[in-house]
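A single chain comes next, written as structure tokens; it is the form predicted alone.
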Amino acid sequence: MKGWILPKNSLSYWLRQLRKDSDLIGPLRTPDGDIVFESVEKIHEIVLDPPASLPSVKEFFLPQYETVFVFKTDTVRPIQEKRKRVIFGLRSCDVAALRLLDRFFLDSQPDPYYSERRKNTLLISVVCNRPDPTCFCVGIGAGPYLKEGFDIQLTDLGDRYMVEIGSPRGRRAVREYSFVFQRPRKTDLEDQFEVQLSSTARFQQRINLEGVRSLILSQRVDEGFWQEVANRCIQCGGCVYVCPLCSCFTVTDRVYQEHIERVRLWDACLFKGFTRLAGGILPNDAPVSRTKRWFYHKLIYYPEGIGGFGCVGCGRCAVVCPSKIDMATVVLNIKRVSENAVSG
């Protein structure tokens, strides 16, 4: 029998124990009614059934603004977070995204800031029982549940969770408090299977990115298509900031009276000045080249360099894009244009 069963009335106790030597982060409702990931002070305020389109947890590993180091005349003081953290309630697509970010930030030239945060963070993900209409992770293999690559994966079975362990740190977090867990019965496994089956059937979009990638590589998507997409883009950067896989950043120095801080900030390849060179040269001055680059990065370059698409089908870009040129919409339009060209 695989896994464990955690009664829901034992969840708060378990999280309280994990919080003794770690910061606990979970989905909380703000005064405005939004649900976001924040540091948890009162465990009973954690939202256990949030919508699928929760904000990404990327900011806890690659902060939107972080001080890399501080230097004065004769000293340099690196800044690194070493505290342990537990993030509860993230979705499978975010776990899948972090696995890809690991390849980007840790494989060839490890980033010490990302590495330290990743090493000290336990992820407790929850299977997505009710995907949003914009979700399409099921077609990419990034959800609604994962078969591997997680620390701890919970499946909501009503009055209890099925608990699956996927890493040594996940095993430690369960083993130390094994007295609150139970071994699953056959009916628990049957209920888990029904939940997974039901969740998979609820998806309204099933998109295969591999087929679209082949269409682009075979040059069946002309420049006119990308020009139409670029004409609709207002370059707000919303898609970049909500995407769990966009990792572009810039580095700048902030000068103060007694010291200087070197900071790392989120940036966006859709912004005109992103690749500004010496002398003020802009190699991607035209909006169409920047718009096209974002999609090529995710559909072409990411698979070549990282080994997976730069998209996990979370659908967040569809929620924030005011011009309706999100990943799913553009991919479906590429397929439609290609089919019309063949039939014509």
Partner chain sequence: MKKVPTVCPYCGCGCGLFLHVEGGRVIGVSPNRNHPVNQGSLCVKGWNCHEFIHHPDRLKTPLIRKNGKLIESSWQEALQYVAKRLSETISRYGPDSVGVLSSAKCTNEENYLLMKFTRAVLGTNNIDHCARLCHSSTVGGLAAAFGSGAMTNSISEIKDARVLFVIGSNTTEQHPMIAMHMLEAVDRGATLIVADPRRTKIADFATIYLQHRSGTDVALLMGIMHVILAEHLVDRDFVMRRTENFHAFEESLREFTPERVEKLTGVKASDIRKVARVYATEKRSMLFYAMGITQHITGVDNVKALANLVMLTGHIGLPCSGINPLRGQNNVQGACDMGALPNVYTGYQKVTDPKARRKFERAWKRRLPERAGLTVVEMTEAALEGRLKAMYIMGENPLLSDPDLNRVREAMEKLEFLVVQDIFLSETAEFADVVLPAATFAEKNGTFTNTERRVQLIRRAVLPPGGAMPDWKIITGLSSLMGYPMQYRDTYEVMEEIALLTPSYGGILHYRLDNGFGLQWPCPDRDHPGTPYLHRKKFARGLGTFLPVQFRMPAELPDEEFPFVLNTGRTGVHYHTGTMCRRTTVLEREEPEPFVEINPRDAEKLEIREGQRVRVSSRRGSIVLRARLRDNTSEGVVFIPFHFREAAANLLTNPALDPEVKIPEYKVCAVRVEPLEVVKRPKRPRRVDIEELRIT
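Model, not experiment: these values are computed from the prediction. Take the two forms, find the largest set of C-alpha atoms that superpose within 1.5 Å, and that set is the rigid core. Positions refer to the first chain, counted from 1.
Below, we turn to the form predicted together with the partner chain, even though it does not appear here.
- Checking Leu189, Leu217, Leu265, Val180 for any heavy atom within 4.5 Å of the partner chain in the model of the complex turns up a single hit: Leu265.
- None of Leu11, Ile334, Leu18, Ile25 but one reaches within 4.5 angstroms of the partner chain in the model of the complex through a heavy atom, and that residue is Ile25.
- Looking at 152-160, 197-205, 139-147, 224-232, the stretch with residues near the partner chain in the model of the complex, meaning non-hydrogen atoms within 4.5 angstroms, turns out to be 224-232.
- Not displayed here, the partner chain is approached by Glu59 to within 4.5 Å at the level of heavy atoms in the model of the complex.
- In the model of the complex, no heavy atom of Gly211 sits within 4.5 Å of the partner chain.
- Using a 4.5 Å cutoff between non-hydrogen atoms, Gly238 counts as a contact of the partner chain in the model of the complex.
- Although the partner is absent here, Cys311 sits far enough away that none of its heavy atoms falls within 4.5 Å of the partner chain in the model of the complex.
- Contacts of stretch 102-135 with the partner chain in the model of the complex, defined by any heavy atom lying within 4.5 Å, are made by none of its residues.
- Gly307: CA moves less than 2 Å between this form and the one not shown after rigid-core fitting.
- Note: Tyr161-Leu54 Cα separation is 3 Å or more longer in the model of the complex than here.
- The Cα-Cα distance between Leu54 and Gln196 is lengthened by 3 Å or more in the model of the complex relative to the form shown here.
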